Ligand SMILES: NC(=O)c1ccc[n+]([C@@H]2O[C@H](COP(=O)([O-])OP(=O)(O)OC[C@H]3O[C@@H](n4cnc5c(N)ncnc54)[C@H](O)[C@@H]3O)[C@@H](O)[C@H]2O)c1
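Below sits a lone chain in structure tokens, taken as the form predicted alone.
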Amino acid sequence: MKKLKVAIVGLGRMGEAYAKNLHYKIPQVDLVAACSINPTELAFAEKELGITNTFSDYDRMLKDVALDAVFVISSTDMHATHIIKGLKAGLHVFSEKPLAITEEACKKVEAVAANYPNQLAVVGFVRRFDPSYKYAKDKVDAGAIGKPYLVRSQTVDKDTIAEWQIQYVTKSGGIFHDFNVHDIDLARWFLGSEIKTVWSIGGAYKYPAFATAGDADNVMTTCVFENNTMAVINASRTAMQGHDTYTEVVGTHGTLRIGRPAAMNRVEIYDQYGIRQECVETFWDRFEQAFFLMTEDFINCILEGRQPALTLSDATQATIAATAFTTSFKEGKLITIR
């Protein structure tokens, strides 16, 4: 069996999870190199994964190690740079979302990628690979709910990681890029159109430090699409119950609800607090299978010589919309994208 020589840049909480999938679960991969500016993360790669080629310098890793592909799981503000350098080094490149924080940076990546048509460049929108979301999309495409005209979607994290995110927003582009880029991609996917206008509201209701950083802890956006369909998209950093992420697709003949309630399992607890279900704790608890399927699909696309369903244009459109959400929120007005 042919194995791809793969490297990873970025070994934070997401990078560590990707590295474990690549190392332990995908036999077609030989994870031969890792890069991080954090010595603790490199120690994890060496001790836990047995990677001997570890680097704090991305350029040196690309130069010194023979590779087929690189996974970019670095901070959001470095995605575009790391993707471009990977492509110019002759590699297939997978990157965590978003592609970049600005439309200009996204377009630059697209322009570079166009010069390397035999190399894949993919940005991961993991929910498209979740079996429940895929099943819902197949239902929509089959006409099961008639014509879809409204998407309600939210990304909600448990309150326990909110304070950690205060530092993270300085590099992530803020709540709309970090959270709602997923919901934007799903709305485009289900409604088959591009966003035309947006209106975003919200605030730092529980953690004023987000406002100091120019961001928010809870937001809501209404969208109108070019085909006159609609979306209502929410984000929250302060949920007490857990990772309460879900999507609803409303059509002329029915409705699909994906992930609501965001239950950990099918057990109902009857006790002194009443009747309840426990919620999934984190995004990884909810989408662990989807992350594996997405990673596996990218590797199989390389080995089978096929194009992935997700394109860089999809990623660019998500960034364009997330930027418009951010502008609308900060300026307090309706933003027209097209």
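Position 1 is the first residue in the sequence shown; the rest follow in order. Treat the numbers as computed from the prediction; the structure is a model and nothing was measured.
From this point on, the text means the form predicted together with this ligand, which you will not see here.
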Thinking of Gly174, Tyr205 and Thr327 as one candidate spot, does this ligand come within 4.5 Å of a heavy atom in every one of them in the predicted complex?
no
Partner-proximal stretch of 219-227, 191-199, 163-171, 246-254 relative to this ligand in the predicted complex, 4.5 angstroms, heavy atom
163-171
In the predicted complex, does His79 come within 4.5 Å of this ligand, counting heavy atoms only?
yes
Does Asn38 reach this ligand in the predicted complex if we count a contact as any heavy atom within 4.5 Å?
yes
Do Asp130 and this ligand share at least one heavy atom pair within 4.5 Å in the predicted complex?
no
So in the predicted complex, does any heavy atom of Leu120 sit within 4.5 Å of this ligand?
no
Answer with one of Val126, Ala105, Ile84, Ala262: the residue that has a non-hydrogen atom within 4.5 Å of this ligand in the predicted complex.
Val126
Among Val93, Ile73, Val109, Ala187, which has any heavy atom within 4.5 Å of this ligand in the predicted complex?
Ile73
Determine the residues of 3-30 with a heavy atom within 4.5 Å of this ligand in the predicted complex and present them in sequence order; the list may be empty.
Val9, Gly10, Leu11, Gly12, Arg13, Met14, Gly15
